[in-house]
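Heads up, the chain below is alone and in the form predicted on its own; it's given as structure tokens.
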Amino acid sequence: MSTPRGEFTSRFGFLMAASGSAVGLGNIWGFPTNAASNGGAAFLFTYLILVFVLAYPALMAELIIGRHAKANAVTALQGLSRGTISRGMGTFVGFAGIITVSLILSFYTIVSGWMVAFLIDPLARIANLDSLADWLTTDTILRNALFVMLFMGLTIYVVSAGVKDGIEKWASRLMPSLVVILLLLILYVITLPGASDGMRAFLIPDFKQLIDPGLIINALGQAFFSLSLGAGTMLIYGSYVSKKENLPALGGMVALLDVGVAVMAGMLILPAMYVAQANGVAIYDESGGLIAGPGLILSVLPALFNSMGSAGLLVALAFFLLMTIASLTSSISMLEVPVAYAVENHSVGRRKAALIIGGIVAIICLTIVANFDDLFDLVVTVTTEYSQPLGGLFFCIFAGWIWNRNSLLQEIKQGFPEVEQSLFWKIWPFYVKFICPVAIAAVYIQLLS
């Protein structure tokens, strides 16, 4: 007897969950510094084009396949297959997605643990627990291991509650909170000395950078990572969408929400970096590039908050609450991918599956923590730069080449009866069949060369 599947109960719930998956640490620290290091608005311009020219079509492929199959990635791709070869490819791509998303979750949980530690830090300082605050902000194996377990516990708690009472319920609470906090921080930071220089770095283009292949690779990687593509995350969320929903419209809203939060993050992080510089904090590394990634979030911005006196404690609290929310809305979507497979294909109870798989990912996290210098960057590079775009390529191949075109049309028609007359149907099938695979493959080859 098959296990009953959950379903999002409202469009709002799906949008909050899907945009929560898309909006994560990659938007809030990756996008702004990528933009500043790659020509400011030139990167923004390229990113926007790639989101809607390549990432949105790939997103739609995952959503449509997921809703059609009402199943996890392995079962969904096997169901679209026409023969032994395509079935084998579907099985491989499905399992590769599960492995990829689990590895992404492993490094993501480590970074998210840092966010939780830095969230508690201002609370400790307000309570005059300075020794605890110092421990929370010092990079040690013990601290990292403890907060890996704490954050994974939060993720398991949400996923084990199911689609309606877990993922949808918490995403509908967390995502609006994230946007409100982000807007309040922007309004505060742009009033500070030096913020206007950061706005110029983010919004004034250097169009000479447009011919740099590195900019295109970075922008495509940012688009795929921030939209959670290529690992089956959006496919599984698509499988929980009602047949009555207009999928092209839903996908467009998710892409717009993701882009909107990424742009808002740029309007916060880049001005904050230049405010930090105005306060005597170094924002450039030894090679002359802007400090990015963990160095930005765990060094530059905390130094800025410390220079702001008592107000800095409240700003730090709000900022790391923002980062923790962004982390959690993404991590629950990642854990859902292997959990859904275990529940549907092996009849494992949801809570048991979440505990077992979350525990396995936690062990991988602890292994990376213990061998951080050797493993962390390796896992990040393999999953986000190589595996995700390749997964997106195969999802496009399944939607464009293997799935019967009429069956595909009938699936979209269930929530969009007039789709055949729409601009979407005039463009998307051709795009997902020819343009997306070629473009993604070209960028992938450039990356390997």
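Worth saying up front: this structure is predicted, and the values here are computed from it rather than measured. Residue positions are given as counts along the sequence shown, with the first one as 1.
One more form of this protein, predicted together with a small molecule, exists but is not displayed; see below.
Across the proposed site, Ser112, Pro294 and Ser299 without exception lack any heavy atom within 4.5 Å of the small molecule in the predicted bound form. Among Gly39, Pro57, Gly26, Pro389, the residue placing a heavy atom within 4.5 Å of the small molecule in the predicted bound form is Gly26. A single residue from the set Leu229, Val343, Leu103, Val259 has any heavy atom within 4.5 angstroms of the small molecule in the predicted bound form; that residue is Leu229. Segments offered: 122-130, 325-333, 349-357, 277-285. Contacting the small molecule in the predicted bound form at heavy atom distances within 4.5 Å is 325-333. For the chain shown alone, Phe305 is not a contact residue for the small molecule in the predicted bound form, no non-hydrogen atom being within 4.5 angstroms. Although the partner is absent here, Ala22 sits close enough that one of its heavy atoms falls within 4.5 Å of the small molecule in the predicted bound form.
Contact annotation for Thr233: at least one heavy atom lies within 4.5 Å of the small molecule in the predicted bound form. Although the partner is absent here, Tyr240 lies well away from the small molecule in the predicted bound form, with no heavy atom inside 4.5 Å.
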